[in-house]
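Here you get one chain, nothing else, as structure tokens; it is the form predicted alone.
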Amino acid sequence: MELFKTFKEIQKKQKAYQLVLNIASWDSNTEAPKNAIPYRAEMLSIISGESFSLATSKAYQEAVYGLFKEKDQLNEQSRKEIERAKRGLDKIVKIPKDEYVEYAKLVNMSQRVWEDAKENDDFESFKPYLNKIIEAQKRMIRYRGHEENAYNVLLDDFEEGMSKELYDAFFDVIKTDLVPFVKEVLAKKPNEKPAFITDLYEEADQKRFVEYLMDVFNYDLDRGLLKKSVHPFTWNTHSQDVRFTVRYLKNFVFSSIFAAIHELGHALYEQQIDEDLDTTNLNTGTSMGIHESQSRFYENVIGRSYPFWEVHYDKMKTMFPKQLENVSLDDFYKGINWVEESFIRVEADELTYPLHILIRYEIERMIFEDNIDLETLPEVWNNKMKAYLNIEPQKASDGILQDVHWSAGMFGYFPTYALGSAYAAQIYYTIIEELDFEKLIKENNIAAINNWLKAKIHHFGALKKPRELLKEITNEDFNPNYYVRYLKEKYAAIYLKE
């Protein structure tokens, strides 16, 4: 079919542009010098413009929209490619090129400004960039013809099929069924945090332990690498090049350990996608919610479990003998599952974590539905922290400036973290029915778990939609009660047993 040939030819060129942009982004976030950013942003905006022209060209539109009309004549994979291409084209086809280019330049600059603002606790320096990003997002939503449902558009961008109504129902379960339990646990936990949690751990030693974990989880270094960054993330262009970063805090070793396991969850997903999809637009995770289900599954269901540390705690003790000399395995397990009201989302415990997401979800709704004055954002943030976690940030880096997402224009992303955790719990109750899950962890046979997840989830890339995939795996629709059940079972055993 001539139209499909045209579509594939243009798509290949798009992938070439995206490779260049992705590599530049990786470099910007890991090792590019600060003063390189303005010139780099200018040059990358030109490449973004060329990519945009290609992605909205008459030939590409004719190919995508023409094939979409005849999609029933295509095989399943080709049909999915065209559906995904149309979804992407619909998002940008009405946006003027000059605005798209300026937005690309703005985002490249704003992420570096955010890094400096965070370091200096200076929201005022970042606020003009945040304002421009929000206004640009609103204009783009208007171009798409969805001004009346602005936040729904953003939510659907990151998790196809999700909306405020569905997220509201999900977070209502969290508020009703989980928040009282969180308060009960917080009231019962010991007042004094164990000293080993905030002891000093040298960065070089932390890095060696992260490298050990990479081997434990069977991360393929021939197709990936590890770097340090301000905010941990996973980066990929196809299944043969999947990289991730962590950050090292000398007085909080768990930051690097669990960020590494979290990002390994993302990275293993991408490495295990069918190689045959690499030349298509389906060679990535199907949604951010499913992606987060994998990172949270590895980080929490495996990485914060007792059986996992039965195997790996001795190794950690040999690498940190001074800090862990008098710390038993039981005490260590309680330490990695220590529950407290904390400021930083990425370092939050598993139990209070969804409350951090709830705060961001509610603020994003205010930004896109209530036109909140940005001057008041830090105050609003602090008030919500006080309401949900009973603590109030004293500096911007512990509050409004702690996350990179808004500097990158990623509004609508945050809710997928909580949704992914809930997906992970539902998947967990399926996997323990099909595998001797605990035994495999005790045998250090993570490969068998990887293989199960590959067969059920990873292999398909974006061939299946998130809700479709979840139902195929668990034989039921999304059910947030599994998430509440999982957290209550785990944390009642740690904190509420007599």
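One-based numbering along the sequence shown. No experiment lies behind these values; they were computed from the predicted model shown.
Form predicted together with another copy of the chain: not shown, discussed below.
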| query | finding |
| --- | --- |
| Lys439, heavy atom within 4.5 angstroms of another copy of the chain in the model of the complex | no |
| Arg485: touches another copy of the chain in the model of the complex, heavy atom cutoff 4.5 angstroms | no |
| Another copy of the chain contact in the model of the complex: Ala455, any heavy atom under 4.5 Å | no |
| Non-hydrogen atom contact Gly224 with another copy of the chain in the model of the complex at 4.5 angstroms | yes |
| Contacting member of Ala59, Met43, Ala447, Leu435, with respect to another copy of the chain in the model of the complex [4.5 Å, heavy atom] | Met43 |
| Contact residue in the model of the complex, chosen from Asp241, Glu202, Glu102, Glu392 - any heavy atom within 4.5 Å of another copy of the chain | Asp241 |
| Region of this chain that lies against another copy of the chain in the model of the complex, out of 61-69, 23-31, 426-434, 461-469 [heavy atom, 4.5 Å] | 23-31 |
| Contacts with another copy of the chain in the model of the complex, stretch 359-376 (heavy atom within 4.5 Å) | none |
